[in-house]
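Consider the single chain below, provided in structure tokens and representing the form predicted alone.
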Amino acid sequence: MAFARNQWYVAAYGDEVGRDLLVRTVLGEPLVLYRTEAGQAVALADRCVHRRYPLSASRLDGDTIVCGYHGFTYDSGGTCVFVPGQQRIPRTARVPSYPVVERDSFVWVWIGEPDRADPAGVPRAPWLADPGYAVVRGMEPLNARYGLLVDNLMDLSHETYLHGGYIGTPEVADTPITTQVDEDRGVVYVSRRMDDAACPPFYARSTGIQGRITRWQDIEYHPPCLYLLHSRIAPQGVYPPADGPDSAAFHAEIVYAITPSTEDTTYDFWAVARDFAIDDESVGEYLRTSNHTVVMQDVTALNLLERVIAAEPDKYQELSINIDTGGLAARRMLARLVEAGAPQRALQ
């Protein structure tokens, strides 16, 4: 399966990367991540050039990694600086080093051609590092291809059926969506505006709203990796004012970083940033626990779906309907990114 390699992907949260060696596989490439003594995040290929020993199973010495098998030592740029038993270091003794950018609590890596890695191209989720928001977050691995998670998040009607009792209510499935595609910016927008909706427990318990609500879900998908859901919750009939802040509503910025690990495994980085009850730890703990439950419901469903797809005959024809317009637009945009990223390499 080909991926869009010349793109930025989230490899970790910033606080996951430290002086301990962290291993992640992104687009089929095993990586080892760590911080230099000055605090700079580093991503190297997780394979010694000598006998392929994983550098993640080795040790740091200052800013260098000493291979735990035969002692080959690499600096933070991937250059070998020591070979045991000889003075001459072979010219090819180096491991790939991947461009790294830290933004909004994420560590982004570039797996493609290094000279095409533009830090300005990293999509933003500023709420995750904004003191005006409280954030809960986590990461769950999926035993499923990343396109299934994209489909899942672009069509939120599944909340009604898969996440009832947490974030799903009948109105989510019953309310039509609007879809827009910005080809110039490379963004897919999907909006669902619900009036006179039931307030799901996820929001009733965290905001304290009693009774019916006006609920807005506005999606921005920045292929291939970043998904943003702008969630607006307010008492029924309360809409944003023509001018000034939308202070009568509660806002949650729900962020997913969707990172392909291998052909059929994915990292699901998730976060919920809220502008209400930001100092209330009980609300934070409730949202953390509830959103983790929701994420695990998706993980279970998508892992099951992956097994079904892997066993089905070639060229199985699926059915799409109106609620799939956002997901289909995302698929087309992802396909164009793959095509534009030549040379491509198929994962075996």
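This structure is a prediction, so every number in the text was calculated from the model and none was measured. One-based numbering along the sequence shown.
The discussion below concerns the form predicted in complex with a further copy of the same chain, not included here.
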Which pick from Val295, Leu287, Ile323, Ala45 sits with a heavy atom within 4.5 Å of a further copy of the same chain in the model of the complex? Ile323
Looking at Val66, Val32, Ala41, Val283, which has any heavy atom no more than 4.5 Å from a further copy of the same chain in the model of the complex? Val66
In the model of the complex, does Asp264 have a heavy atom within 4.5 Å of a further copy of the same chain? no
Against a further copy of the same chain in the model of the complex, would Val81 count as a contact residue? Criterion: heavy atoms within 4.5 Å. no
Is there a non-hydrogen atom of Leu60 within 4.5 angstroms of a non-hydrogen atom of a further copy of the same chain in the model of the complex? no
With a cut-off of 4.5 Å between heavy atoms, is Asp104 one of the residues that contacts a further copy of the same chain in the model of the complex? no
Counting only non-hydrogen atoms, which stretch in 91-99, 212-220, 233-241, 104-112 is within 4.5 Å of a further copy of the same chain in the model of the complex? 91-99
Non-hydrogen atom within 4.5 Å of a further copy of the same chain in the model of the complex for each of Ala117, Phe276 and Asp279: no
Scan 282-310 and write down, in order along the chain, each residue with a heavy atom lying within 4.5 Å of a further copy of the same chain in the model of the complex. Ala301, Leu302, Leu304, Leu305, Val308, Ile309
